[in-house]
Ligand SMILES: C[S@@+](CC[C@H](N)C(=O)[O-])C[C@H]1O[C@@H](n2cnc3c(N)ncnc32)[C@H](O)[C@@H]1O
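Just the one chain here, the form predicted on its own, laid out as C-alpha cells.
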Amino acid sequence: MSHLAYFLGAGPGDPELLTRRAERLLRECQVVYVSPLYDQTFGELLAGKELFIPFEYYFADLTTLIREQLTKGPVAFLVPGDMTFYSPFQALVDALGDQAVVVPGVGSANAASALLKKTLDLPGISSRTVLTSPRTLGEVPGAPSMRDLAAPGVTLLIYMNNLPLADLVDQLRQGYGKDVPIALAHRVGLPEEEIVLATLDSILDKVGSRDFFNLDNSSRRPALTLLLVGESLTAQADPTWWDYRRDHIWKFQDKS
C-alpha cells in the first residue's frame, strides 16, 4: 500500500498560522520534511517525528527516498508560505502525481499586510497589486525592470530582492515619479519579526548599513525580507465606499 505526501502550507513560520487541516495531517505523519528554522518554530508539533531537510538531496535521490517512505506511511512537507508563489516544491508535486496533496497556507504577503493592518488594493488609491521579484525578472530576457513595474496606483510586493537597496529605491523612485511609502517586512512570523516603514526618500537613512537582503554575506541563506511599496501602505480608506457598497452591492432586495 502506498500512502500520500502532504505539502502543507506552513505560513511564514509561525505555527499559530497553520490551518487546522494542516495541523491534523501533520500530526498523522511520522516522517516530515522541514526547512531550516521551521524545525525550531514548529518544534512542539514535530516532537518525536523523523525529520529531513529536503534541500540536502539531489532531486532523483529525494524522490526515490520519498517513494520508499510512502510505502510505510504518509509523509508531510512543511512548505514555507504555501505553494502559490515562489515555491521550490512544484517539481516534487508533479513527480508524485496523485500521491501528492497540496494544503494551502498563509503566505508571507498575507502575514505582512496583517502586520501593517492594510488592504493592499485600496479603492481610489491602488488599482492593482503586482507580485514580483528582481531575482526572477533577471532570469528572463526582455522582462520588465522594477522601474517598469512601479507606477502611481500600483502596490508592489517584492520577494527575494537581490539588488542593493539604493539601486532598488532609485528604480522605484523613477517608476512612481514621486515619494511613496515602502515597508521592509523582516522575518515575518519568526523570532525577531520586524516592520520598517518609511518612504522612498527616507528608507536609506532609516535602514543605514543593515543588510536586510543578505547581500554582503557569503552565505546563500534566504534573507527573509519582503518589500511592500505603494500609496496604500499609509493611505486612509474613504468611508463613503462602505455606504456605496451597502446601497449598490451588499443590499439585499426584498423579493416577497
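The model shown is predicted, which means the values in this text are computed figures rather than measured ones. One-based numbering along the sequence shown.
What follows is about the form predicted in complex with the ligand, which we do not show.
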Looking at 175, 181, 134, 81 here, can you tell me which has any non-hydrogen atom within 4.5 angstroms of the ligand in the predicted bound form? 81
What is the one choice in 70, 223, 207, 198 with a heavy atom within 4.5 Å of the ligand in the predicted bound form? 223
If contact means a heavy atom within 4.5 Å, which one of 187-195, 28-36, 43-51, 59-67 is the stretch that engages the ligand in the predicted bound form? 187-195
Do residue 108 and the ligand share at least one heavy atom pair within 4.5 Å in the predicted bound form? yes
Using a 4.5 Å heavy atom cut-off, state whether residue 160 contacts the ligand in the predicted bound form. yes
Taking the ligand in the predicted bound form, which residues of 3-29 have any heavy atom within 4.5 Å of it? 12
